[in-house]
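Consider the single chain below, provided in structure tokens and representing the form predicted alone.
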Amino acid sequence: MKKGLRLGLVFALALVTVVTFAACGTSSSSSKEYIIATDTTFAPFEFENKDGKRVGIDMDLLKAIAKDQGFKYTVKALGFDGAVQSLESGQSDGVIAGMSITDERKKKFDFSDPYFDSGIGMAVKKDSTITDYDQLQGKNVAVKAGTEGARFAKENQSKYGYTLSTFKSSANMYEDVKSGHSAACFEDYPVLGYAITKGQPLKIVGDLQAGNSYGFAVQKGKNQKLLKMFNAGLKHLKKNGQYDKIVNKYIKTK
């Protein structure tokens, strides 16, 4: 009897140990740290401040949403094209990079609810006499690769008769305009507005073009839990006023 009792106790302890390890495994899988890819410089949405810290509307929103929903993440700044390619190849779990929600992109990615409504503007040097698209005939225009501004410029190139120079960063695009090599650049208007506020000797001219809304993206059919958490957190932030505080920190309202 005593021998049988000891064997029973050993079996019971073994069973408890197995259950304990199984529980630990479940806990670990639920605390996954997501890899979120972003652009290197797309102020005011993502950029480095003077202390080398990555900040901006996208970065602040992601941080607040992660805190609200209780998930962990690591940001990888790869440039816009690099971030999109990283998500497409499965090397990252999501992208937040001022990424416009388009029908073409919906074929490859699932998007969150829109978190910002944007549009396209044209900027020229502060002392430029250009005020309209028609004045770009025979001139060069600068754009940033993979952006809505680049898409708009390419679609209207034959209509207005300008040539194009494509850059990987907004900063290099602005320099091309400031140097006089390009007469103008096309970019999302909040980005242009922020750059001008921070001292870029440019001005926005012409009519603003309606643009697509920005969304957080995941690979098609994958990371749906992450997508749901982003949407839920965004909803909470808009309801409690945090969303407006974040946006107004970088873009002045009228």
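Note that residue numbering begins at 1 and tracks the sequence as displayed. Model, not experiment: these values are computed from the prediction.
From this point on, the text means the form predicted together with a small molecule, which you will not see here.
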{"property": "Listed range touching the small molecule, judged in the predicted bound form by heavy atoms within 4.5 Å, from 70-78, 95-103, 154-162, 129-137", "result": "95-103"}
{"property": "The small molecule contact in the predicted bound form: residue 216, any heavy atom under 4.5 Å", "result": "no"}
{"property": "is_contact(residue 146, the small molecule) in the predicted bound form, heavy atom dist at most 4.5 Å", "result": "yes"}
{"property": "Residue 188, heavy atom within 4.5 angstroms of the small molecule in the predicted bound form", "result": "yes"}
